[in-house]
Ligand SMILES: Cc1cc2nc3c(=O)[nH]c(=O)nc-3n(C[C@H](O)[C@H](O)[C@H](O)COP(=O)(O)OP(=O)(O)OC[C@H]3O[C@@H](n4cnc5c(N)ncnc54)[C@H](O)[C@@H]3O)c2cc1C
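Encoded as structure tokens, the following chain is the form predicted on its own, with no partner shown.
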Amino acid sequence: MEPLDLLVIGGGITGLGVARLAARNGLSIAVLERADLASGASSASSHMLHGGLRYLEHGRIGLVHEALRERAAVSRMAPGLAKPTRFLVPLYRGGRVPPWKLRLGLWLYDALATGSGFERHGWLGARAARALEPALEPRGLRGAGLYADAVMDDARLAVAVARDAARHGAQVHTWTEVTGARPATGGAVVLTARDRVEGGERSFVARAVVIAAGPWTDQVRALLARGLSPGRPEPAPLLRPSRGTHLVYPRLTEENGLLLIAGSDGRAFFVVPFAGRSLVGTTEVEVPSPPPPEAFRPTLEEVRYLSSELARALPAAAGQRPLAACAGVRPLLRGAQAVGRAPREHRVLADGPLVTVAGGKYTTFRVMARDALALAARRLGRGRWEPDDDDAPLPEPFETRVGATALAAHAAREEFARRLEDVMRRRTALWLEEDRGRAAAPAAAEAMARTLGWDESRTQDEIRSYDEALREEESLLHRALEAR
């Protein structure tokens, strides 16, 4: 078997970014993802391509500058999946952030984004802010800052990156979990992997391996180290993961985003317009590395925290019930700071044929891909190789108005979907319909059955599994909000 140049473990935005860059530069590459593409933090973000205005408060000027540059580039690459959006930052008497500090931050944000094409910041008095967003709490309102960022469809953007990688020759294997590793002749690596949907095992051989496994990075590094260097101590952990929970409401604003300051603890949180809804988040709850399954579920306390802080900022929302809740685990780098101030920068390191990329944020996925590939290139004998990384357009998203049947068939045929939930949650916004997509699920499942060769039993199992996941989520929301 002729070895591949690279194997990438992880089908989130970082691993897919590595695959795209490698394939576009002529390397042979395969991606192995243990679940669906973007099924971890890459589909549970705050849906923003942004520099991170709040990171300026922590002095992360270099990170913000880099992220703003990438915000512009990725927006050009995927205009159908990233929309420039105006954000308001309302300020109140006695609040944690004084007006001078916000004005300075907004000015610096614009200065770092010079030439990006995004609208520059502004300032509104209290009356003008309420005219723009009537739902804002009026008592004590001093005014609001205005700035622009991009709102994206995080999962579909990741899928578009995967499609671009595949168009340039990358293999993309979803629901394929790495189970072991061993050395091969000539310094190559053999990885064994299990198909979690159809069953069975297969092997992959590569000259180098890039670990981009998000919050599972420490676990994957330890697994591969045991196989490639038995008897050696396991590598030291790199991560200090944290869970971020979001609630999805019916539309709460006039198509503007809001950056708000929580009254209970002074944290920043967002209301983000997305798919005709409002995404509210996020939280910062430290979880172990590797994270157990329950680390990916919102807790009652997080749901109550977000809903109560939202009601304080937008009083009319007190009577609204969230449609959905989701949580992702951020692969933050270990550090001495409190988890809410943990660095958002990334780190890339090599250990023999293994290159690990850890940390980072969605917006800077191309930077992480370049750094990982530059290190892997040395393993491939290319020395100080700088891959070509232009901002060529990504494949355009499939038209969403064609109906569930066509969407599901396309997702199974062209977008690597292998489960009904892959289509409902990460290839479409059907999970955000009033009925959470239940009416569309049978038609979508039948289309996938015809495309992928499912029998009737498998088709019904997929529908049932999707409905059970919705029921668990709805039960959580009911318990959290009824008990208040």
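Because the structure is a prediction, the values reported are computed rather than measured. Residues carry their position along the shown sequence, with the first being 1.
One more form of this protein exists, namely the form predicted in complex with this ligand; it is left out here, but the text below deals with it.
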Check your understanding: Should the three residues G15, H50 and P215 be counted as contacting this ligand in the predicted complex, with contact defined as a heavy atom within 4.5 Å for each?
Key -> yes
Check your understanding: G244: heavy atom within 4.5 Å of this ligand in the predicted complex?
Key -> yes
Exercise for review: Considering only heavy atoms, tell me if L32 and this ligand come within 4.5 Å of each other in the predicted complex.
Suggested key: yes
Practice item. Would you please decide whether A22 lies within 4.5 angstroms of this ligand in the predicted complex, comparing each non-hydrogen atom pair? Key: no
Review point. Applying a 4.5 Å heavy atom distance criterion, does T363 contact this ligand in the predicted complex?
Key: yes
Check your understanding: What is the one choice in D389, E177, E255, D371 with a heavy atom within 4.5 Å of this ligand in the predicted complex?
Key -> E177
Revision key, fill the gap. Note: exactly one of L56, A41, A447, L432 sits with a heavy atom within 4.5 Å of this ligand in the predicted complex, namely A41
Exercise for review: Sort through 354-362, 374-382, 101-109, 197-205 and report the only stretch with a non-hydrogen atom within 4.5 Å of this ligand in the predicted complex.
Suggested key: 354-362
Review point. Even though the chain is shown alone, can you say which residues of 277-295 have a heavy atom within 4.5 Å of this ligand in the predicted complex?
Key: T282
